[in-house]
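In structure tokens, the next block holds one chain alone, the form predicted alone.
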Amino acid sequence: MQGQNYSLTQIPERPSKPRQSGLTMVMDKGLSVREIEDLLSVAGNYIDIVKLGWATSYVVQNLQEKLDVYKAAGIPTYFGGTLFEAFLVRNQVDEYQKVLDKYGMEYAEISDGSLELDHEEKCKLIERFSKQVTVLSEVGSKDAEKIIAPYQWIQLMQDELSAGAWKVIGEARESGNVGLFRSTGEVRSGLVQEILTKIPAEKIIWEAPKKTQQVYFIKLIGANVNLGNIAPNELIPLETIRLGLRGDTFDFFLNGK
């Protein structure tokens, strides 16, 4: 396979952008315009979508300029689900839709990780927003004490995809220690494997901020698994893991494995 700078054999094929699988969702927690430009200069080919984490878009001073830089590079952006929930809990859903229009957002995250929301109502919101933007819906709670049974994860994901979500996101937070993961960061592997018996892998973005979590999903699903909540400085390292060019997956893709 031809790389950026030289050729190697036995490297997994990565689909060209815009991809439907093998997505890398990067978490922007407040990057400056210059930091974004620097990131794009070395890793723009590997960024599929950027989430402006939780409600950081409310406080950054150069929001439109940031969005313009990403847009010029052909990289879609969306506001974190916590911002949606902040509008929802204040009965300002109409205003949130206007915010999406104001900033020309083409994607939105519909989540209920920080509040209690009737699932039927959540699905109605997904359906409503899907008429305006491409919807990513997040499944799982940010509350470490709230454990959702595997069959419930499956039902929630199925319902949200049926309501119009483009992809469903498996919750892990930026810390990677809730939802799909135990408090130690260990993957709830039984949960993940049960979900995959019913939900196509290409329809799920797994939040996996930690290297061990990324390695787990790549070995389970392959180089073109969808991964999210990736820190900007972990973007290039993740791509090398996907390609078997780091110790963690060094021999995983060799000789037809």
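Quantities reported herein were computed from a predicted structural model and do not represent experimental measurements. Don't overthink the numbering: it's just position in the shown sequence, from 1.
What comes next is about the form predicted together with another copy of the chain, which does not appear here.
Partner contact region in the predicted bound form: 46-54, out of 46-54, 202-210, 188-196, 218-226, criterion any non-hydrogen atom within 4.5 Å of another copy of the chain. Not displayed here, another copy of the chain is kept clear of S21 by more than 4.5 Å at the level of heavy atoms in the predicted bound form.
Under a 4.5 angstroms non-hydrogen atom cutoff, another copy of the chain in the predicted bound form has L243 among its neighbouring residues.
In the predicted bound form, another copy of the chain sits within 4.5 Å of a heavy atom belonging to R90. The shortest heavy atom separation between G247 and another copy of the chain in the predicted bound form is within 4.5 Å. The candidate spot formed by S32, V42 and Y103 is fully in contact with another copy of the chain in the predicted bound form: every one of the three has a heavy atom within 4.5 Å. Counting a residue when any of its non-hydrogen atoms is within 4.5 Å of another copy of the chain in the predicted bound form, there are no hits in 186-201.
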